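As structure tokens, one chain now follows by itself in the form predicted on its own.
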Amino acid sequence: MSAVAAPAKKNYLTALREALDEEMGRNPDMVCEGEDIGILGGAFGVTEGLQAKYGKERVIDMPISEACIVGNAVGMALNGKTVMAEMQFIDFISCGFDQIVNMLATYYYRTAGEVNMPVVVRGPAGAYGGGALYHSQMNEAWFCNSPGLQVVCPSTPYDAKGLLKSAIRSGNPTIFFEIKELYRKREIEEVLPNEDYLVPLGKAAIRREGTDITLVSYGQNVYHCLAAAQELQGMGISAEVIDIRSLVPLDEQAIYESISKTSRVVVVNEAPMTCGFAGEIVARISQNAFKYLDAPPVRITRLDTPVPWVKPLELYVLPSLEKIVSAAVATVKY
């Protein structure tokens, strides 16, 4: 008898492609649109093969105009379509900002709940890859500040697939941040279920349990927190790592429950500090979980500067293992 081969592990990018393929297959009214997503399969290959499978009327190559892409998505949603709109890089979502925050985000409210906007705007985000200031942004706080939008940022292949499927099926407009440095990262590949599955929006994941300090993050910085937790363990400090996964809706309760156990918290994200989402989490902790705290909450974020191209400078302005460990040690000793 021949040995049965172990199931193949899949990367973050493949998980996203599978999510789109499966949702296109189950929903004949779903369409995808974006720059180069058809013939070329997208700048990173997330939509590779979808146009050949579903046709040019459902996988649409669009002009280089993010305002046009999102405006077209709004129009198609008004005509009964479910839409995935790709931004080639999330940095350039600013060119479609008006259509997102003044049209996409507000339709449900201004029609008194009569009109949904089943549109997911997704794209590659984040730094650490030498992309410099135009290809390294994490601008999620812009959209968390716009009522009516869901905001999601997965850190694992399993979550990338399950959260994207949940966002598509939710019927609500969603900004979906994909960490491009994780697209093909071998170390995080996973065996994904063969059966259909969803990961619920608004439910955090405990990536590591601990008792002395809570590290809260999302996206690529989750892995910096996990590495920091491992190093802290060698110092006799037990760190719990919370991956919030979706920013809006936010699983506040998971954060508070962890802090009720550890009494200390460091929040990590790679967007700038001023008005960044880490500050929002710290504010909610201060308001709703102050009674649990034995030390002030701490933020580790990007410095308030564009992302430099030169690698040493890029690493200088971004969160790092060393910065997280240093902050955690200081917080535990407070």
Partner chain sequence: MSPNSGTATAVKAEAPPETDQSRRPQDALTKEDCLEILKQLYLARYFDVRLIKEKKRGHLRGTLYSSHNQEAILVGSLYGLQPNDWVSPIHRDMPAFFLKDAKFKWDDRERMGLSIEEVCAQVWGKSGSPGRARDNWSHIGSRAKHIIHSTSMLAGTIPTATGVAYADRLNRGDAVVVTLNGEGSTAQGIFHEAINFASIHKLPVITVIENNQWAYGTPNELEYALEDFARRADGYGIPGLIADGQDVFDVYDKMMWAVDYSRAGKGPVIIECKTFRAYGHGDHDDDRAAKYRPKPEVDEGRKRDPIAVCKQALIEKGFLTPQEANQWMAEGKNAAEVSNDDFPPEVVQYLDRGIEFAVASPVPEPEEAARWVFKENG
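Residue numbers count along the first chain shown, from 1. Just so it is clear, the structure is predicted and the values come from calculations on it, not from any experiment.
Missing here is the form predicted in complex with its partner chain; even so, the following discussion is about that form.
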ask   = Just one of 165, 207, 81, 135 has a heavy atom within 4.5 angstroms of its partner chain in the predicted complex, so which one?
value = 135
ask   = Which residue among 139, 106, 88, 72 has a heavy atom within 4.5 angstroms of its partner chain in the predicted complex?
value = 88
ask   = With a 4.5 Å heavy atom cut-off, would you call residue 202 a contact of its partner chain in the predicted complex?
value = no
message = Test of understanding: in the predicted complex, would residue 33 fall inside 4.5 Å of its partner chain by heavy atoms?
response = no
inquiry  = Whether residue 294 contacts its partner chain in the predicted complex should be assessed with a 4.5 Å heavy atom distance threshold; does it?
reply    = no
message = residue 95 versus its partner chain, in the predicted complex: is there a non-hydrogen atom within 4.5 Å?
response = yes
query = Where, among 276-284, 261-269, 58-66, 294-302, do residues come within 4.5 Å of its partner chain in the predicted complex by heavy atom distance?
reply = 58-66
task = Tell me whether 7, 158 and 252, taken together, all sit within 4.5 Å of its partner chain in the predicted complex, counting heavy atoms only.
result = no
